[in-house]
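Consider the single chain below, provided in structure tokens and representing the form predicted alone.
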Amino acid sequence: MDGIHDLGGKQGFGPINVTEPTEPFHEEWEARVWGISCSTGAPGITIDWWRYIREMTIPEDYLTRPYLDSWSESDMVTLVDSNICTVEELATGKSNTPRLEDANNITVDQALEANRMSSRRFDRPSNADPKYIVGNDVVTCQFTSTGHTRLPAYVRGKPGKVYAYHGAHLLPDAGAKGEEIAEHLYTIAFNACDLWPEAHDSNDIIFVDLWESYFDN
């Protein structure tokens, strides 16, 4: 969506830290948040709806809260929105509803295997033929959905070339509205010099996966 949440390609936020330690988490609580996020879910909540909820975070919170803290906030919103728990239950850490069943104790290996088996596929069959083939020139739309979209601002209205075709996949813009619409998905190659004026002497290529409705031509 348009707003502070779309930070890709924007200036003023400093360089990316590429010297962080190899450990997956900075603090113990981050591992807990990750585990909770992977093990809980609300019926009907798709990854695109969850991302849309994150994009509703007020700018000050989005820019200042730790990454996984922001994840936790989004998870709590989806749980409350789906009537799985209440704000009071989250605040106190105590359930006010009867337990439906006993907890299922499993090993770490079993949990990892369950997580692997639960991975979803987002490719779908489509009766429509793709409009583009590898090597075609394209120009991205300047404007897309007023809600969630996976077309980043820094490539909007820019020329690119089809680098790869991936078949039809679920369109995130529709998924954020609870709809399942399959569209052809492509990897588009952009010249860095076409995206940022200061890169006019660069030979770098930027690759972005984009859906068919993101193109103007």
Partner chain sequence: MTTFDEKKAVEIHQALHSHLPSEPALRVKALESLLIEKGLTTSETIDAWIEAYSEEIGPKRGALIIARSWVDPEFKKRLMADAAKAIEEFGFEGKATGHLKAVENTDKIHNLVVCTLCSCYPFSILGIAPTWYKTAAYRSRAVRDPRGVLNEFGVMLNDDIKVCVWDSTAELRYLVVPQRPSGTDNLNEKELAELVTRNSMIGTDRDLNSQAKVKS
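Owing to the predicted nature of the structure, the values given are computational and were not obtained by experimental measurement. Residue numbers count along the first chain shown, from 1. Here the rigid core means the biggest group of C-alpha atoms that line up within 1.5 Å when the two forms are laid on top of each other.
Omitted here: the form predicted together with its partner chain. The next part is about that form.
Visitor: Can you tell me if residue 216 lies within 4.5 angstroms of its partner chain in the predicted bound form, counting non-hydrogen atoms only?
Guide: Because no heavy atom of residue 216 falls inside 4.5 Å of its partner chain in the predicted bound form, the answer is no.
Visitor: Any of the heavy atoms of residue 132 lying within 4.5 Å of its partner chain in the predicted bound form?
Guide: Residue 132: no, not in contact with its partner chain in the predicted bound form.
Visitor: With the cut-off set at 4.5 Å between non-hydrogen atoms, does residue 69 touch its partner chain in the predicted bound form?
Guide: Within the cut-off, so yes.
Visitor: Spell out, yes or no, whether the shortest heavy atom distance between residue 138 and its partner chain in the predicted bound form is within 4.5 Å.
Guide: So residue 138 does not count as contacting its partner chain.
Visitor: Mind listing which residues of 3-17 have a heavy atom within 4.5 Å of its partner chain in the predicted bound form?
Guide: Contacts from 3-17: 5, 6, 7, 8, 9, 10, 11, 13, 14, 15, 16, 17.
Visitor: So, does residue 201 move by 2 Å or more at the CA between the shown form and the other one, with the core held fixed?
Guide: Shift of 2 Å or more: no.
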